[in-house]
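Below sits a lone chain in structure tokens, taken as the form predicted on its own.
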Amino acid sequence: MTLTPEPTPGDTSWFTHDRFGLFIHWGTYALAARHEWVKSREQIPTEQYMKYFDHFDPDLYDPEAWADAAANAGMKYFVITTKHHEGFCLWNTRLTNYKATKTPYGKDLLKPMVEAFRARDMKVGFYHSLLDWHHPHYTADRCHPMRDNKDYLKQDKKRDLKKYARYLHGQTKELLTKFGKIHIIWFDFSLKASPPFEAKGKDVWQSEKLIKMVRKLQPDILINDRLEIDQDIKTPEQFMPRGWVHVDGKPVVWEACHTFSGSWGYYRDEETWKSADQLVKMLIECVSKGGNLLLNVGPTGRGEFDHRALDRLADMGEWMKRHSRSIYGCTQAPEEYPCPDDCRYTYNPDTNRLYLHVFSWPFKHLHLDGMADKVEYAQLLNDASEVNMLRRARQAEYGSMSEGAPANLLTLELPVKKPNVTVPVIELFLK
């Protein structure tokens, strides 16, 4: 029996089918090229940080190329930072001049992006920061660039977070009324109290009111969990859960968000890039635990995907081209199917097929406990070549291999040489 989360207010049916999405972190911090939190990390005053706005001109921006790279990688949806913590907006918002249309580039970046991804039948998601280090009424907190600036802190008494909340709600309304159907709104994030700073959470954001507006404007939309009021999706970040994510003892819809390297925004000199092998295994790991993977790219200041990201997207696409059946529509396998060591199962309940992802290729045989009377046929997914199944009578031919083995053991007879794919998958047709 497979785990099934309880229904949420939004439509999660497509989300739990598609499993693999693209995150995009893009803003003026791409020019700094040293992490999207550079303004906070280096405590840069707004006047000094404006040099990135004044020189932002992504002349090589081609949203069609971005969408192609994502679609060819097997991704089915994308989430773009409409505004990150720095406060810079990718679209032609009416509520601030700190936006793409006022930079040297001079054009709306969001609309052509939405159109390009939508043309490839990819679902549209908007990330929107709850923090804003540029807005005049946003007060200091432990993340704010001016958290140690005494002059700035003195002026906090004159700042009005209620005015900022109206701005936040107004921009959210723009995003959900000017770009057609939006499938995900990904808010980020709430802050616990950190003396001398007070908490910034659902009361400051007016989360209940915000959620009500979002639901009214886009009834089927998915909302994440960072407004301090859980909605449709839990979002573990930069770690892999040990198992299916639970809240109050119940399984929930979840999505792990990860970077190719240690940064979300473009970081020229960052060198902890994950290999394609590691990334494919992360995708499998998520689906094997009933979750999704949202994998991030940080485009350059000229508007291109970093060559390292393109290489890995292409490699993942090669694997997905032949193995997407083990990802789309799949989830955690029922507990009655114990998984062998160094392997991961995913399961498609609609087709009743089990997918055995072999992380470490064994020599000649792979043993599946309790499966001899449950599997009708087995094949390598990459080329649909049959995998011979040795049941107990045949296992005796191998002598001691069967000593002490369970009565219902199924042994798969594998080629000695590992298939020429990143992670081989054996498709098991269940009876």
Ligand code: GLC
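A residue's number is simply how far along the shown sequence it sits, counting from 1. From a predicted model like this one, the values you see are computed outputs, not experimental measurements.
Note that the form predicted together with alpha-D-glucopyranose (GLC) isn't included here; everything after this is about it.
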| task | Select, from the options 78-86, 101-109, 156-164, 273-281, the stretch whose residues sit within 4.5 angstroms of alpha-D-glucopyranose (GLC) in the predicted bound form by heavy atom distance. | result | 78-86
| said: For a quick test of understanding: in the predicted bound form, does each of 37, 127 and 226 have a heavy atom within 4.5 Å of alpha-D-glucopyranose (GLC)? | reply: yes
| Does alpha-D-glucopyranose (GLC) get within 4.5 angstroms of any non-hydrogen atom of residue 189 in the predicted bound form? | yes
| Though only this chain appears here, would residue 264 touch alpha-D-glucopyranose (GLC) in the predicted bound form if you measure heavy atom gaps against 4.5 Å? | yes
| task | Verify the contact flag for residue 15: yes if a non-hydrogen atom of it lies within 4.5 Å of a non-hydrogen atom of alpha-D-glucopyranose (GLC) in the predicted bound form, no if not. | result | no
| said: Test of understanding: in the predicted bound form, would residue 23 fall inside 4.5 Å of alpha-D-glucopyranose (GLC) by heavy atoms? | reply: yes
| query | Within 4.5 Å of alpha-D-glucopyranose (GLC) in the predicted bound form, heavy atoms considered, which of 208, 342, 237, 230? | reply | 237
| Listed residue (358, 90, 257, 122) with a non-hydrogen atom within 4.5 angstroms of alpha-D-glucopyranose (GLC) in the predicted bound form | 257
